[in-house]
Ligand SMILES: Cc1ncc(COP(=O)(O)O)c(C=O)c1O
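The chain below stands alone and is given in C-alpha cells; this is the form predicted on its own.
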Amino acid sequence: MAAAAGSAFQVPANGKYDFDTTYNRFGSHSTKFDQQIRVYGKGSVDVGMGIADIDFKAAPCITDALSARMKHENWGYLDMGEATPMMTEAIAAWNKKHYGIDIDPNTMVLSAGVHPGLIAALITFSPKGSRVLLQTPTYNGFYSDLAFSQTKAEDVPLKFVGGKFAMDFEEFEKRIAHDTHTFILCNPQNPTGNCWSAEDLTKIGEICLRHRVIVLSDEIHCDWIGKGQKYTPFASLPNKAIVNNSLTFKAASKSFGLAAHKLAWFHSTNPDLLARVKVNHRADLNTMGIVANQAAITQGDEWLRQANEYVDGTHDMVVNYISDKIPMLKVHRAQGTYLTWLDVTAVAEKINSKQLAADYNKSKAANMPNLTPEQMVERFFVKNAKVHLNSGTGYGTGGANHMRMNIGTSRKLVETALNNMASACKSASTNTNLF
C-alpha cells in the first residue's frame, strides 16, 4: 500500500502532536521499509526497525514551507550567496538557544550531508593507508567513509561497566600510532545511546591534543536526549586548545526526519583546519533541502520537544518489556538517540547462528556474499517475527551478538514488534529455517 501523500496540516488545537498514529511508509521507496521487502521478499517485514530515521509525520512547519515553495513552479539555480548566510545564521541561533554555544556563522560550512564533510576531513588530515580511531561499537557508516578515503579503522572497544558503556581512555591512548591523525567521535553515541560528559570529552580531547590527533565530532543525534541527561557539544569545552583541535559535524536530518533533503554543516574554531578541509569539500545543495531545514530549525522547536519526550517514554517501555517478557534479550537504557542496542547472545546460541552462517557460506553460490552469525540472527527475526533490525556486525569490534533497534516510531508499532519478537524467541530452536 502506498504511503499517504504529504500535505500541510495545522498544529492541533490542544497543542499536542500525534506520534501514536502509525504512519505507513510502505510504497514510498523507503530504505527502512521498502528496501527490506526488496531484500527479503513481499510480506516479509511488518515493522522496519533498522536504518536510523524516524517514522513520524514531518513537523507541520516543514510540510507547510515545502508546500508554499512548490507553488512557485520553477527550479532554476539556487542563489547560495543568499541561502548560505540565511542557513548558517539560523543554525547558529539554534545552537545558542538550545545548547548555549556561540558559533560564528562565518566558521560554518554547509554540506550535502555529514558523510561528505567527514570524507573531506579524512582526505585532508589522514593520508591513504593511515589509521583512524573509532570507539566501538560505533556507527557503521563511518566504515564506508574510511573505505572512500582509503584509510583504516583502529577500533577501540568501549567498556561495559555497571550496565552502561564507558570510554576506555588507557586503551584509546595505546592504540595511537605514528600514522594515526584523526579520531571520529560519535556524540551522542550511536548505537549505544551514550551522552558523553564534559569530563569524558575533555579527557579524550587531551589525549588527542597530546598526540596531534584531530577530533572529528559527529553530533548528528544531539537533539534526542533523555530526561535527566545532557548533551555536551565538543566545541563547548572550556579548554580552547582542545576545541581548536576539532571540527564538529551536524545536521537536522535525525532531528526532523530530513535525511532525503541532503543538508548538513560543519564548523570549527580553528580557521586553519577549516580552510584545509574546504579545499577538499564541495556542497551541491538543493532548493527544497534548504527550505525544509530552514523551516525545521526556525519553527520546529515545540514539535521536536514533544517528539523527544515521546521517544524517551518509548525507551522506558522497551526496556521494561524486554526485561519482563523477552529474557533471551539483554538491553541497557540509552541516555539519548532513538536507538536501542540489544544483546542477542542467547538467541544466537539457541539457533546456533555460527553454524548456520558456516553452512550457508560453504554452500552459497560463488557470486553471493558471505553472511555473518549476526546476519543469521537478523534473518531469524525477519523470518519469525517479521521485524527487521540492524545486524551488529557492521558496528565494529563489540558488535558480535548484538542488534540495533530503531524505536523512533509509534508505540503501537513498537509494541507489535516486541510482541512478535517475544513469540519468535519462545519458539527459537536449532531447526529454525532462515531461507
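In this text, residue numbers run from 1 along the sequence as written. This is a predicted model, so every value here is computed, not measured.
The same protein also has a form predicted together with the named molecule, omitted here; what follows describes it.
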Assert contact_stretch over 85-93, 110-118, 200-208, 154-162 against the named molecule in the predicted complex, heavy atom within 4.5 Å, equals 110-118
Give a yes/no on whether Ile407 approaches the named molecule to within 4.5 Å in the predicted complex, heavy atoms considered. no
Find out whether any non-hydrogen atom of Ile220 is located within 4.5 angstroms of the named molecule in the predicted complex, and reply yes or no. yes
The named molecule contact in the predicted complex: Trp303, any heavy atom under 4.5 Å: no
Any non-hydrogen atom of Lys254 within 4.5 angstroms of the named molecule in the predicted complex: yes
Which residue, Ala58, Met376, Ala65, Ala52, is the contact with the named molecule in the predicted complex, using a 4.5 Å heavy atom cutoff? Ala52
Contact with the named molecule in the predicted complex, heavy atom within 4.5 Å, among Val291, Leu285, Cys186, Ala307 goes to Cys186
Counting only heavy atoms, which residues in 335-363 are within 4.5 Å of the named molecule in the predicted complex? none
